[in-house]
Ligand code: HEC
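Shown here is one chain on its own, the form predicted alone, set out as structure tokens.
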Amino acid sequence: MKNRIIKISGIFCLAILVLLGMSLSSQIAKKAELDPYKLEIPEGFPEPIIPENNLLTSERIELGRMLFYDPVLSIDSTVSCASCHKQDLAFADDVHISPGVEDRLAARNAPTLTNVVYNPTVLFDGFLETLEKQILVPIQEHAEFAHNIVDISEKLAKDSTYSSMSWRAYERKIDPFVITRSISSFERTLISGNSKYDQEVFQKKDVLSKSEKRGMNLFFDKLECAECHSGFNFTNFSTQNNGLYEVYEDTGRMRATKLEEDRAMFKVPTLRNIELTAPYMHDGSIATLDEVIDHYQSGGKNHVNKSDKIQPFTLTKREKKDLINFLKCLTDDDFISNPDFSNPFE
């Protein structure tokens, strides 16, 4: 009898160990599955700051990529994030104002998403601090998606694919938290750092032509463009007035702060992939790089908040061509063709 009890006890203990082992294996597999995704940081770039409450994983990024390209986020399922932020245009658009649902037009040009992981603020106001908050803006804007994120969540929860992806990525049913954080995760992977400029400066390759090198010298030295378009990402992230108009229809940062000192102040954009992101300015009012340079050569229009850095200057025809050739060196062909950033539904 005693031997039988010992035998049964042994079997029971073995069963417990097996179950514990299975549970432990499951936990290990789950942990491995959700280990942080390692971003490929280009030479010369710093490590970006990723929010602790939304660390990158492959599951989160893939879910975000699907939502980024899915028009289900708009009220009539006709417009997606990718409708206004196209990969072949460095995640910008080629119209002065991108149409939303029912072809409604907002007030501002769609900015590039190039390297948004490094942006301390988002939107032309330079006011919102996170991508997670920004994603709510187009969803609720009447001229963009005109939708409600709670209603979107309820609709997506009925989709078995999205439902299972949400549980894998965030261990919860799909909801506003999951939607905003997964799209942010995908957008944080949109890193561009392999242009000719990067190859020349950071990778130490001799790839720039004489004209491009002359243009680079103009940009950094004679014209001091890097006063605002500085650093590895060609922006100091400040808000400035560049004298585009004497009277602005758009109040700029003042829309958020209500301060007169912020009237017609807009965030300095990155110049990376600038060749692909025309038309330019917050309202898409300037069509070409040639015209952009003309604007700055003129010294801009008088405005009470115009930056004192905007002063008239003169370029020869060759200098102007050299400067444009340099700006085109900021185009990253790998970025706009990277399959990891492409439409997963195609």
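Not measured: the values here are computed from a predicted model. Residues carry their position along the shown sequence, with the first being 1.
Form predicted in complex with heme C (HEC): not shown, discussed below.
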item	value
Touches heme C (HEC) in the predicted complex: residue 303 (any heavy atom, 4.5 Å)	no
Partner contact for residue 108 in the predicted complex: heme C (HEC), 4.5 angstroms, heavy atom	yes
Heme C (HEC) contact at residue 99 in the predicted complex, heavy atom, 4.5 Å	yes
Contact of residue 45 with heme C (HEC) in the predicted complex (heavy atom, 4.5 Å)	no
Whether 73, 131 and 292 all lie within 4.5 angstroms of heme C (HEC) in the predicted complex by heavy atom	yes
Location of heme C (HEC) contact in the predicted complex, chosen stretch of 206-214, 99-107, 193-201, 167-175 [non-hydrogen atom, 4.5 Å]	99-107
Sole residue of 267, 181, 188, 147 within 4.5 Å of heme C (HEC) in the predicted complex, by heavy atom	267
Single option in 39, 66, 281, 50 placed near heme C (HEC) in the predicted complex, where near means a heavy atom within 4.5 Å	281
Residues of 114-138 having any heavy atom within 4.5 Å of heme C (HEC) in the predicted complex, listed in sequence order	116, 119, 122, 123, 124, 131, 134, 135, 138
